[in-house]
Every structure is written in structure tokens, then in C-alpha cells.
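In C-alpha cells, the next block holds one chain alone, the form predicted on its own.
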């Protein structure tokens, strides 16, 4: 039997996620925590990072890296009250780097927190009934769900997301003990983790709930996906998808993105049991020796889908029913005003790459804080890094619109920009190989010109970029995916379905900015000239043999685009 990975030992010896974090926070000699503790803080929703822009200068001066921390909230379904939004804005200004980052996991990240501010930040989050527990780490992360209240089943789906998140949350009291009051609520030796186990999961675990016809959560990209099947204003069933995941490693073909498999359906009353048992199978069957192969997608590839389903049903004590019919139309957000059946309106605000800040001519942070000061409804973070200002009454709408205009909100981004998103990447992500959030707007400027020249200015095409192959912005499901290889260089993927139901295919390796434009310019031109009525860009490049369709996740590195195959 292969030896366990180092992380397994760290978890097993951590006293249920405590480690020496408390002692490390008191150490003023360094801005960092002990290496083992940085693995444990992830379970508490916290990543230790450093400002990579400052690395060269600080290295020349023989100074310690500019260590900072990122804190990620647990916000099932992305729902926040105005009071909570105001509190996060205040923390961003006083304890972090002055920005809020909306993520594809439908939550908020606070960046640039120095060690002395970490406890006060977490305490400020706790003060408004939020937490960061299980937002990262080898556990079930933030449960995401289609956020639009215009659906008659949205309230039911939101309640389900919250219930799953609470049910699968670690039982350890370490978070409260370390960050809130310093007093053990339960001695570690008396604690138990009945679902996750003493060493928690082999790797991260993600759950998403979609409400057709929207696939805004990319339901096939997660360990567990639920597709709500509505009937007479309520949820009649959930289709069950297992084994999705986006991460891979360059140059290692035994790592790959994978879309999940549809294995049947369940009733709403069976959701918590299903979620628990999918987690326990992965807990017991997952690879704890090689973290690169530790996620559920590799467990299913290793054991096979039928044996996995059989074990799941054995643990459940019942068989899944056949999957129900459903239909997806898109994975992006319908931005702008939407009107619900109750007469209230909801404004889906485009937030470029999820970054909320104040800059000359566009004061997003201040404008949203002003809206939160009078808004009587809710805020929903979307899985596409946008913000839904929900439950706007007819009497409030004029004031909200005036506030948006006064703060320079962008009401009319191009359709390319509206359907694009990027991960954070540099300068804070330690895994980034190339720029993403800071570069994508520049690339889109050029692509907008090329699209307009080709007569595609009003055509929606999904574009997603990440600074490394881990896939946080889900680029492998986009019609155009760009994945960082090294500074300024990206692999280009094509053919992911517009509705998020098909993976893309590697089309060109190691392209610079000019190389990306050179590759896409002729494709945009031929698409404009030769497409069929209603044909999406991704379907066109497959029909015209630019790339072959990806039919299963483990075929991702095979059957490359015809050009690459010939090479």
C-alpha cells in the first residue's frame, strides 16, 4: 500500500484542525504561520499568500516575503443581507486591501489581510452571523445554487443548499476556539467527525444545484451536482450528477478535467442522505497517497461508475430512480433588470471578474455600500462573479437606478465581456503561472474589435481564463478557454458547450497575446460567414472539424484538435 501523503499526517495530528495556529497568530517575529498550519487554515477558509509583485525587490533586500492572508466566506447559495454586505465592505476597507472579490463559488474573498488583522477580520465576519469554515480545505466547500428568485422553486433550492452546507460542515469547534474567543467549547479528545472522519476527505469536495434552463452553476463541473426538476411550482425531484471536476496539471495526461455523470434522480426528502453518502464513499475510497488523484472524479475513473453507484445505493438503502428530462439553454447570467412574479424586480449587475473596488469614474465598492444602506431586499452573488440586487420594490427602483448611475456602474458591457470571467491569479495566488484577472480585460479589448469587424458584436461567446491549470474559473467548459502556462503564455481550448454540458479541447499550445488573437481572428471570420442559423461558436468549431468533441473526461487529452493531432 502506498504511503499516505503528508497532508494526511498533518490532518491526523491536528487535534481536529487546531494545530499550532493560535500560537502562530501570536508570533510577531514573522508575518507567516508554520508550514503545517497553512494547510490547516484552509479548513478555516483562510489561505496564506504573499504579494508576488513584491517578491523580487524584497528578495534583493533579503527581506521576508510580504505575507498576507485571504479569507473566503461560506455563503450557501450566495445570499447576503444588506447588513452583511455593509460589514464585508467595512472589513475590506479596514482590514484587507480595499476590495471585495466575488468568486465562481458564489462567495466573497477578502484579500491582503496581514496576520495581526486576521483574527479581527474573522471576528467581524462572525459578528454578522457569517463564517469562513469549510470555504477551503479537504471538506465540502461552499454549496452553490442558481441565485435568481424569478424561479418559483428558488426559495426551495436555496433552503436545500443551506441544509446541505450545514449537514456536511465539519463538527470541530476549532474555528470558534482559534478565532473568536479562545475558549475550547469541547475538548479535542471529545470531538468527533461522524461524516468527514478524523482525517477529513482526501481532497476538496464541491456541490452545485442548478435550476433549468439556467446552468449558471456549471452543474457538471462538481463532485456532486443536483438538477432541480420542477413540477407545479415545487421541486418534484433532483437529477443526480457525480464525478465532475476541473483541475489538471500541465504535462501530466493522467490528470484531466471531467464532466460528471448523470446517474438517476431522487426526491427532495432524500437530498441530505444522498449528499452524505456520496461524501462517505469518497471519504473511504478516495486516494490518500497522491493528492493529484484524490478527487472524486479519479475515484470514479479508478473503480468505475457502476461499482460506485452500487456502493452509493448500498449505503443509502435505496436505489436511485431514473433521471428526469431537463433542458439547459445557457451557463452565463441574464444581466440587467428581471421582474419576479411578486412584482419585485431584481437587478443583475455585471462585475468584471468579480472585483469590487473604487477606482476613478467607477466607484463600485462605495456605490454598493450606499445601495445596501437603503436596500430592503437581499444580495446574491452569482457563480459567474456578478451580483444580483434582489427583491427591489417598485418604490425603491428609481433610487437604486440613480445610485448606480451616480457611481459609474457599467450598464452596457459587450456581450463578449459579459460572458467572460477570470480567476484571481497574480499577484496573490501562489499557484498562478500567468496573469488572469489583470490581463483578461486587455485581451477582451482586442477581441471586441475583432468580433465587431467580423460582424459578431452582438453574438454571445463564453470566454474564461485561468492563470494555472487548476481551473477555478472553469475554463474547460467555456467555448473559448485560456489556461496559463508561464508569464504571458497560454494554452487555448475550444469547443466547450455554451450551456456548460460539454468539455473543450486543446486547440493551440503556448500562445502569446498576439498568438491568441492570430488564432481566433480567422475563426471569428469563418464563423460569421459560414455558421448555420442559431449555431453557437462552440458547435461551429466542432461541426467544421476545428476541434473534435470531448465525449468523456478521461478522453480530454486524446483526440486533440486535428492540427495538434497532425503535429
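Numbering follows the first chain given and starts at 1. What you are looking at is a predicted structure, and each value in this text was computed from that prediction instead of being measured.
Separately, the form predicted in complex with a small molecule exists; it is not shown, and the next lines address it.
> For a quick test of understanding: in the model of the complex, does each of 295, 429 and 472 have a heavy atom within 4.5 Å of the small molecule?
Each of the three qualifies.
> So the small molecule isn't shown here. In the model of the complex, which residue out of 157, 365, 102, 461 has a non-hydrogen atom within 4.5 Å of it?
By the 4.5 Å criterion, the partner-contacting residue is 102.
> So the small molecule isn't shown here. In the model of the complex, which residue out of 77, 247, 124, 268 has a non-hydrogen atom within 4.5 Å of it?
The option sitting close enough to the partner is 247.
> For the chain seen here without its partner, which of 174-182, 304-312, 472-480, 77-85 has a heavy atom within 4.5 Å of the small molecule in the model of the complex?
The contacting stretch is 472-480.
> Indicate whether residue 47 is a 4.5 Å heavy atom neighbour of the small molecule in the model of the complex.
So residue 47 counts as contacting the small molecule.
> Whether residue 215 contacts the small molecule in the model of the complex should be assessed with a 4.5 Å heavy atom distance threshold; does it?
No, no contact at 4.5 Å.
> For residue 204, is any heavy atom within 4.5 Å of the small molecule in the model of the complex, or not?
Answer yes; at least one heavy atom of residue 204 falls within 4.5 Å of the small molecule in the model of the complex.
> Heavy atom to heavy atom, is residue 299 within 4.5 Å of the small molecule in the model of the complex?
Close contact is absent here: in the model of the complex, residue 299 is far from the small molecule, nothing within 4.5 Å, heavy atoms only.
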